[in-house]
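Quick setup: one chain, the form predicted alone, written in structure tokens, and binding and motion questions come after.
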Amino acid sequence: MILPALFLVPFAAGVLSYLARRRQQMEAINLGAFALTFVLAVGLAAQVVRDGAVEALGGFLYADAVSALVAGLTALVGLVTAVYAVGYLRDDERNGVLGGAPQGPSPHAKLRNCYALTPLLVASILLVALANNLGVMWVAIEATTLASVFLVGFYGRATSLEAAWKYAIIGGVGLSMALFGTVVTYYSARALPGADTLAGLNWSVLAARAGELDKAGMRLAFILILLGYGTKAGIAPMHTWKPDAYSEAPVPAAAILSSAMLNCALYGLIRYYALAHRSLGDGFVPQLLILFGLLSMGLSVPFVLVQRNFRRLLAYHTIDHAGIMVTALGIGGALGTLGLMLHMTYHTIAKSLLFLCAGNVYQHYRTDVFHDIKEGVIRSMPLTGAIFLMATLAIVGMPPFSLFQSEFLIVNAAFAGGHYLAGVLFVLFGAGVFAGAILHVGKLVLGPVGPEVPAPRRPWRDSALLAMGALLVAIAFWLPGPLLALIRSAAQVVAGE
């Protein structure tokens, strides 16, 4: 019963948080639920590594290594952000940020909405990873939009509402295309036995007979899915909602959007990639993915180089990493898929940690504009500044951090597979993003001596930063055997081995 419990626990937490009367109750519900969710996700991963893919509820829920990895990363981010959110939202309430307009919701109502919507968002992401039926997976991805759009507009500012509206409109158009892609996939499977039943859209059924799917239908379906779920992932040119949403949402929610939500969208692409690639063979699908992946990487470079806002910088950097992972998926093969799964794991840890550091800086200085911060962050916030710089070095692929390993594997796979132009552009775009991120964050953290007003102690947030920082350093040198086995199994699923 791990599979249904895994998404029902955070769903119940969302309902209970909405019914809770006091802030402390909401905090306790979220912390307890996310801790239990993480334990369940670890249990699922262990079961999948030991026994292979598992099913529940008559095949309605299904988890292989890819599902277990995405669920585990989502649960980890949910738990860490739940711890961080306690201190962050308390400071927001103390500083009057939640006051809103005279006719708007009260600070308590806003807190209740945040503590209710966040576990509902995580529950939806987990359902995406566990749903066997591609139609149910689309519904779950749509549910992530419904939960997160209110988090983007959480503060009720004009810029927040504009970002939420932009996210809802662009995301809605993208998901409409994904819905058409799902329908066309169902049409492509019409000749398979049992295609007229609900199980006709089960991924485990379609993957086993992908070679029998209608090829013209799968070609159209994959284009629609790439545009649809690519919008959700923020792949260029469907990325324009991302910088606004990430810079306006509460930092704990932005951390989830930049890591777990990205993994959710990529998971949808991976599932359809497996079907389309097995149906159509080499050529069309890989080339399309490499094209969009490199476009995302290349487009992010100038925006990273000239960026003035550090939360928007992280958003454009996430667009770059979405492009990296889509490019890796297109390159494929044993090395490409292994690089993809490793990169997804490492990026989730590093990017969520960067957003938590950015949240500390934003709350202390009351700005997220580089030039408005006149002193080096490390002087007034030593722990945050040191971890911010370390996580930046990790996310841009500086050795010996783990993202260097995954990016090296992807480049190696590109040259080994004959994708020479893609490999060269990958390195060039990566160098541009490296230069921009190091330049901006280096100045922010190691800037000149200023008033050096020390930041107050933040035990809740500092504990989250320390835990993720220690994990980031640890995985640079060592991956636990079961986790490595799970990542390798996930790569084999993606590669069709």
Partner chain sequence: MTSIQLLYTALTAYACGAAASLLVARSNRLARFASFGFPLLGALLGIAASLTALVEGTAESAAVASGVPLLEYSVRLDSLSAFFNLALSVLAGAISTYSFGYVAGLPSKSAAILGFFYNVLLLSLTLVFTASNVFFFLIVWEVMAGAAYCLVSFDHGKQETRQAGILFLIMSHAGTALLLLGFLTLASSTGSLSFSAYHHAGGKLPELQRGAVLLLFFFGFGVKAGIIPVHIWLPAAHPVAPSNISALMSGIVIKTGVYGIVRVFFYFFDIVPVWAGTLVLAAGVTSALLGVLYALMEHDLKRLLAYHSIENMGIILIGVGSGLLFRAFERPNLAAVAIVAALYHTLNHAVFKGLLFLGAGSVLHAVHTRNMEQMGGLIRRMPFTAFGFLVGAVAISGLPPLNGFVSEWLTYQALLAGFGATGSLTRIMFPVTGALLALTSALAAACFVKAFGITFLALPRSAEAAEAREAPLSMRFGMGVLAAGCLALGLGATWFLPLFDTVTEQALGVRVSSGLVTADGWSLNAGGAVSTAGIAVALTLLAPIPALLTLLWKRGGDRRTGPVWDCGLPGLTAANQFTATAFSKPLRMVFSAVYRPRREIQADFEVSPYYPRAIRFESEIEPTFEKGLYNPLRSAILAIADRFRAIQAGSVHAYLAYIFVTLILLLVFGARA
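Numbering follows the first chain given and starts at 1. Being a predicted model, the structure only gives us computed values, none of them experimental.
If you look for the form predicted in complex with its partner chain, you will not find it shown, but the lines that follow are about it.
By the heavy atom within 4.5 Å rule, which residue out of Ala208, Ala191, Val369, Val424 makes contact with its partner chain in the predicted bound form?
When its partner chain is considered in the predicted bound form, the option within 4.5 Å is Val424.
Have a look at 295-303, 324-332, 77-85, 261-269 and name the one stretch with heavy atoms inside 4.5 Å of its partner chain in the predicted bound form.
Every other range fails; the passing one is 295-303.
If you check in the predicted bound form, do Val97, Pro252 and Pro482 all have a non-hydrogen atom within 4.5 Å of its partner chain?
No residue of the spot touches its partner chain in the predicted bound form.
Just to confirm, Ser204 within 4.5 Å of its partner chain in the predicted bound form by heavy atoms?
Contact with its partner chain, no.
Taking 4.5 angstroms as the cut-off for heavy atoms, does Ala435 touch its partner chain in the predicted bound form?
Taking the distances in the predicted bound form, the answer for Ala435 is yes, it comes within 4.5 Å of its partner chain.
Heavy atoms within 4.5 Å of its partner chain in the predicted bound form: does Glu162 have any?
Glu162: contacts its partner chain in the predicted bound form.
Taking the shortest heavy atom distance, is Tyr316 within 4.5 Å of its partner chain in the predicted bound form?
Taking the distances in the predicted bound form, the answer for Tyr316 is yes, it comes within 4.5 Å of its partner chain.
With its partner chain taken in the predicted bound form, which residues across 327-346 come within 4.5 angstroms through any non-hydrogen atom?
Stretch hits, in order: Leu335, Leu338, Leu342.
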